[in-house]
Ligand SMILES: Cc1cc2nc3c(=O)[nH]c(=O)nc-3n(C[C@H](O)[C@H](O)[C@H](O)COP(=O)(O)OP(=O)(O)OC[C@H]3O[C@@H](n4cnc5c(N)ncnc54)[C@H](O)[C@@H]3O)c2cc1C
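Before any questions on how it binds or moves, here is one chain, the form predicted alone, in structure tokens.
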């Protein structure tokens, strides 16, 4: 008997298809498997080969501030005019983005920021604990480190401008320490001198290899009897179903029969959600990274540039420079200058940084305009479940989302109000 079967509640087993093998989908599949369900995980790519391949590898309870803050409307012209800025919009995509952008700006109202930050905090609580049983099953406990991370400010004006952001974090009870220059250098000796201030978040952690983490979790899923299918999902078959769920997930290779389905396909979830009777305003933040396999410097902890919106994360296979936001949809070609500019900024941060070997990457973060993910049961089909739209917090909230979806499937009390994350909240 497998570990998952040993934990199964009597008579609860269902055939469940999870669409999407990124870190969220894999964690959903593992938690469902722990409840004794027969789970099939399907994706056109291998585990972790989408957005999960290139994230900043950071996991932390400090991410309680929405992307849209008061004053964001006045910054939109700059987003259109500066294609290399921390937050940029492609002119060609603006007509299609407009409905999402209007909701994004609406989410920046002070009352909305407070509501959203409370909802983000509720998800962040327990994010690390939710990983524990999955890492134990995979034998990958050493892949998460909890040494904190630090945000750095270059001038007093930058630090003053960040006060509304820091005040939201303080209201949510986030642990943080403001460091003067000398303490910042003691915390992270690899940093260049000259930074005005640092804010250290002691409860933040990171994984030493975000891609390998997903692969290790997926391997544990298959060892425990899960089925992994590398197929493109085309839609759903409702013939012969009871109306509560599709009778099968239809792929390029044929149907996958199911009693329930979980849609966790990241930025590609919207079209399939429509086939399940929902129309969430999902779009994508195109995220870039530059990976340095031999950087010549070794920061102790992740360092976040508050000015340029990227993080430098030490990994077991090099240094990852990741971050910034480009709103440009799923189809446009990458603007590799957005990855190259990360090198320009990072050279100022780390004296002696070796940039002779570089590996650029671009991926699609699935993003909702209110910075909250969708973690929800379907309205039209009660055995259709949704777990997507995590934005910058996919890795952080992957295990937490898996546990919450398993609770919804089982009809258990999740221990929190899931209304802010409903698929039909707009």
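Residue numbers count along the first chain shown, from 1. Everything numeric here is computed off the predicted structure, so don't read it as measured data.
Beyond what is shown, the protein has a form predicted together with the ligand; the following relates to that form.
Residue in contact with the ligand in the predicted bound form (any heavy atom within 4.5 Å), chosen from 349, 268, 201, 236: 268. Proximity to the ligand in the predicted bound form, taken as a non-hydrogen atom within 4.5 angstroms, holds for one residue of 51, 384, 65, 374, which is 51. Looking at the ligand in the predicted bound form, residues 24, 288 and 396 each place a heavy atom within 4.5 Å of it. Although the partner is absent here, residue 232 is a contact residue: one of its heavy atoms lies within 4.5 angstroms of the ligand in the predicted bound form.
In the predicted bound form, none of the heavy atoms of residue 369 sits within 4.5 Å of a heavy atom of the ligand. Put simply, residue 365 is close to the ligand in the predicted bound form: some heavy atom of it is within 4.5 Å. The ligand is not drawn, but in the predicted bound form it has a heavy atom within 4.5 Å of residue 55. Figure note: of the listed segments 170-178, 293-301, 315-323, 140-148, the one touching the ligand in the predicted bound form, with heavy atoms no more than 4.5 Å away, is 315-323.
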